[in-house]
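Let's start with one chain on its own, the form predicted alone, as structure tokens.
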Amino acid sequence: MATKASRSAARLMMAPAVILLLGWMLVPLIMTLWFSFRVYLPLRGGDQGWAGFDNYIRFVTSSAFWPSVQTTLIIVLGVLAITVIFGILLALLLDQPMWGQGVVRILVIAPFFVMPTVSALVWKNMFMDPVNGLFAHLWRFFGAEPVSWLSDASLPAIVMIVSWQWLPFATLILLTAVQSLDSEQLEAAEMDGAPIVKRFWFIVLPHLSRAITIVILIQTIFLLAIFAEIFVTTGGAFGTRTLSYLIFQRVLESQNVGLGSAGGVYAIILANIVAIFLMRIVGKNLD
């Protein structure tokens, strides 16, 4: 039983870590808010005074703002759909007894540990190159014209690259949930004559609902800030400019820190809106 003195000692020992974490989060946020209200041009004299809400108005009224938000949401929804559906299928497959099961699981999970920049470069040069890529050779083998993925099908290509990297994470979480399923329920349903589709729909899928919720929440948080894959593949061209890439262009390419900081605030607001929406819709599974 914890006493008042022990609780006070615990708080005292935790205080440095809590203060450090708060500083780690609050200092960049406060600086972003400060610069968003300033005219700050590093290559043209630095801080040029107070801007008020002009940066916010300029950013949201830009012709690139709403298309970048739309592109971001399309990529997030596409990756979530692929990783959840195929993650469930892979989790069920990996749960079956097979020869070399441990090696297979390691190979399936391995892409998650590859850096986003490296995986995007591999896909760009090894698979999606319209001349020497693996897909190009495959298309020619079947007598079809190779597809220039990163220009003619840029959004599906980005979704494919990001999904390949996040699929192992979804599979790992869902596999853990599948392994915790009570096998007696499935055996009883099988003995009662329930077909495999109904066993999956009424027993397996409800059991996976909490794991699916965790996968959706965690992946959405990271996918809203997708940047590296776009930077090394399309450079934001061909309709692949996300909100985070637009902020990058405003800060580094246009050298307008104030305008980019205002975009960063919009990105924080968008992330919170999406997170609240997801918690309302699917977060009840975490209760």
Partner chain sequence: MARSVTPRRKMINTTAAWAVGLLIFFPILWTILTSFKTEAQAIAAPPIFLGFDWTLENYSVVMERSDYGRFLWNSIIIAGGSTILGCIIAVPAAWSMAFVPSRRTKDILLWMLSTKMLPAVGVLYPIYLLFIEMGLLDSRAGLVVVLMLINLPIIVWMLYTYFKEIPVEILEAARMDGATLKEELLYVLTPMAIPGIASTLLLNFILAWNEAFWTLNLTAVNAAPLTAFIASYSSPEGLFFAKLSAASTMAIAPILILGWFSQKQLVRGLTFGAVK
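All of these numbers come straight from a predicted model, not from anything done at the bench. Residue numbers count along the first chain shown, from 1. Whichever C-alpha set is largest while still superposing within 1.5 Å between the two forms counts as the rigid core.
Unshown form predicted together with the partner chain; subsequent notes refer to it.
The listed set Met126, Ala81, Leu205, Ala144 contains one residue whose heavy atoms approach the partner chain in the predicted complex to within 4.5 Å, identified as Met126. Out of the listed residues Ile216, Ile173, Ile74, Ala153, Ile173 is the one that sits within 4.5 Å of the partner chain in the predicted complex by at least one heavy atom. Although the partner is absent here, Gly52 sits far enough away that none of its heavy atoms falls within 4.5 Å of the partner chain in the predicted complex.
Though the partner is left out of this view, Ser244 does reach within 4.5 Å of the partner chain in the predicted complex, counting heavy atoms only.
Under a 4.5 angstroms non-hydrogen atom cutoff, the partner chain in the predicted complex has Val232 among its neighbouring residues. Shown alone here, Gln179 lies within 4.5 Å of the partner chain in the predicted complex, counting heavy atoms only. Residues Phe113, Val114, Met115, Pro116, Thr117, Val118, Leu121, Val122, Trp123, Lys124, Asn125, Met126, Phe127, Asp129 are the ones in 113 to 129 with at least one heavy atom within 4.5 Å of the partner chain in the predicted complex, listed in sequence order. Put the two forms on the same core and the Cα of Ala275 is off by 2 Å or more between this form and the one not shown.
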